[in-house]
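One chain is shown next in structure tokens, namely the form predicted alone.
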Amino acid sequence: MTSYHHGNLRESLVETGIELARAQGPDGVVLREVARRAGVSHNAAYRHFADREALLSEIARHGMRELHAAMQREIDTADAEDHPDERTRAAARLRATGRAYVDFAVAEPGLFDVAFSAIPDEDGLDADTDPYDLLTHVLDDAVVAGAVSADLRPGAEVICWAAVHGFATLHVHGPRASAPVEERNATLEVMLDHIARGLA
């Protein structure tokens, strides 16, 4: 066991935990193993995290931030495309949000699982890194642009979230996990069509 001298042990533990989460999901994040890989004793790790749940919570925050960033990138791409009007642009932004959510889950299943199996700590997420908050803003903008009915807006974020989360889960761990990429993407577009029509 090597001693740790760099003064950023907490960050090192989180980074190591993220690596394990990516590779093995929540079950792979064990504080003793994280400490061993970081090159410190488990007692040193406990000085920064009271228990495994505290470390998982920090990894969950990281996963949520990455999901937010992935969604924002797709929204920015949709914004950069040519659209005949703001209504069409708003609809494209909403579709991009759902598409990015599923793509992230499929690309990062371990981190995705931790993000939704551990509860972020009491500080929560900043408004500019919370994927749920981002979806809320996209829906609000869609109402202003006429892509989503104001009458159907209340609770729409829960409906959209549940739909893409369920779809993602089916294709990461469920009976659709072996579906070809082309089939998954085509089915996702059909689901997004239904959501758009249902909220219009």
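Keep in mind the model is a prediction, meaning the values are calculated, not measured. The numbering used is simple: start at 1 and walk along the sequence shown.
Below, we refer to the form predicted together with a further copy of the same chain, which is not included among the displayed structures.
Although the partner is absent here, residue 181 is not a contact residue: none of its heavy atoms lies within 4.5 angstroms of a further copy of the same chain in the model of the complex. Looking at residue 143, you'd find every heavy atom of it more than 4.5 angstroms from a further copy of the same chain in the model of the complex.
Among residues of the shown chain, residue 62 is not one whose heavy atoms approach a further copy of the same chain to within 4.5 Å in the model of the complex. Contact check for residue 49: no non-hydrogen atom falls within 4.5 Å of a further copy of the same chain in the model of the complex. Put simply, of 54, 44, 30, 170 only one has a heavy atom within 4.5 Å of a further copy of the same chain in the model of the complex, and it is 170. Proximity of 22, 25 and 104 to a further copy of the same chain in the model of the complex is absent: no residue of the three has a non-hydrogen atom within 4.5 angstroms.
Taking a 4.5 Å heavy atom cutoff to a further copy of the same chain in the model of the complex, the contacting residues in 148-182 are 152, 155, 158, 159, 161, 162, 163, 165, 166, 167, 169, 170, 171, 173, 175, 176.
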